[in-house]
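A lone chain, given as structure tokens: the form predicted on its own.
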């Protein structure tokens, strides 16, 4: 069992490596995509600088906490889109028969599919996230926690996308639904938790677990609590498990379109 897991990890690392090498063939485009993503993210911080010049506290968050929120949101986005890009294209792959390419390969179908490509600009999000951490205040503790929560946020975003995209096995075209929910997860992750009330807040701690991807990690980094840390890890493992369960339940209903594209 451990050998199979080890081999699968090696396969996924190699898949990501080859996808990255393909993108690096045009180095100018590769570097410019990263730089422009960093600049794009930085431009949004200006609005918060203006707001906090007027008010010291927004939604229960100080300016440093909002910086941390933005950093974690960028890190989660970067990790999910760089390492698991096709988790966000999965419903299209199901509907167009592109999963055929992975069914005949001797490795985990889901992992092979979602790690087969990378989003280069997502590296800009990851670099931007660490720049934010430098501004927030870099220490060994903050670096380790920030990195951990960036990875867990990436896993949550990718897992949620897999869950909703896998509905395509039963309902066909669900791209609009999955893309909308992915956008909500991405956009609302940068706003202080305190501005959300009632059913919206419940939603962010259940179906769309932003609370565990961004809000609770911010609380832990500003006021460390081992119980909350264990809760975040448990929720991440839960959503990863649900993603695999939903995908493989749906895969039983998958009908090949005989679209056998060669993969290099």
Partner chain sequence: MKKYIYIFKSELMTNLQYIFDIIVGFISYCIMIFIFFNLWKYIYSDPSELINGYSMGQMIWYVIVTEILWMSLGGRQLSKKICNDVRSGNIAYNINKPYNYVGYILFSHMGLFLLKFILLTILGVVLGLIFLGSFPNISILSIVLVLISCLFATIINILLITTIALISFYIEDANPFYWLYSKVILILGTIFPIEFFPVFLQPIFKYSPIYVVSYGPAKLFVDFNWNSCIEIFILQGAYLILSILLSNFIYKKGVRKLNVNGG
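Positions refer to the first chain, counted from 1. The shown structure was predicted, so the numbers you read here are calculated from the model rather than taken from an experiment.
Although not depicted, the form predicted together with its partner chain is the subject of the following passage.
Trainee: Counting only non-hydrogen atoms, choose the one of 151-159, 138-146, 190-198, 94-102 that falls within 4.5 Å of its partner chain in the predicted complex.
Mentor: So the stretch in question is 190-198.
Trainee: Using heavy atoms and a 4.5 Å cut-off, decide whether 43, 51 and 180 all contact its partner chain in the predicted complex.
Mentor: All of them do, each having a heavy atom within 4.5 Å of the partner.
Trainee: Look up in the predicted complex whether residue 184 has a non-hydrogen atom within 4.5 angstroms of its partner chain, and give yes or no.
Mentor: Yes, residue 184 sits close enough to its partner chain in the predicted complex that at least one of its heavy atoms falls within 4.5 Å.
Trainee: With a cut-off of 4.5 Å between heavy atoms, is residue 231 one of the residues that contacts its partner chain in the predicted complex?
Mentor: Because no heavy atom of residue 231 falls inside 4.5 Å of its partner chain in the predicted complex, the answer is no.
Trainee: Is residue 32 close enough to its partner chain in the predicted complex to count, meaning some heavy atom within 4.5 Å?
Mentor: Yes, residue 32 is a contact residue.
Trainee: How about residue 219 - does it come within 4.5 Å of its partner chain in the predicted complex, if we only consider non-hydrogen atoms?
Mentor: Because no heavy atom of residue 219 falls inside 4.5 Å of its partner chain in the predicted complex, the answer is no.
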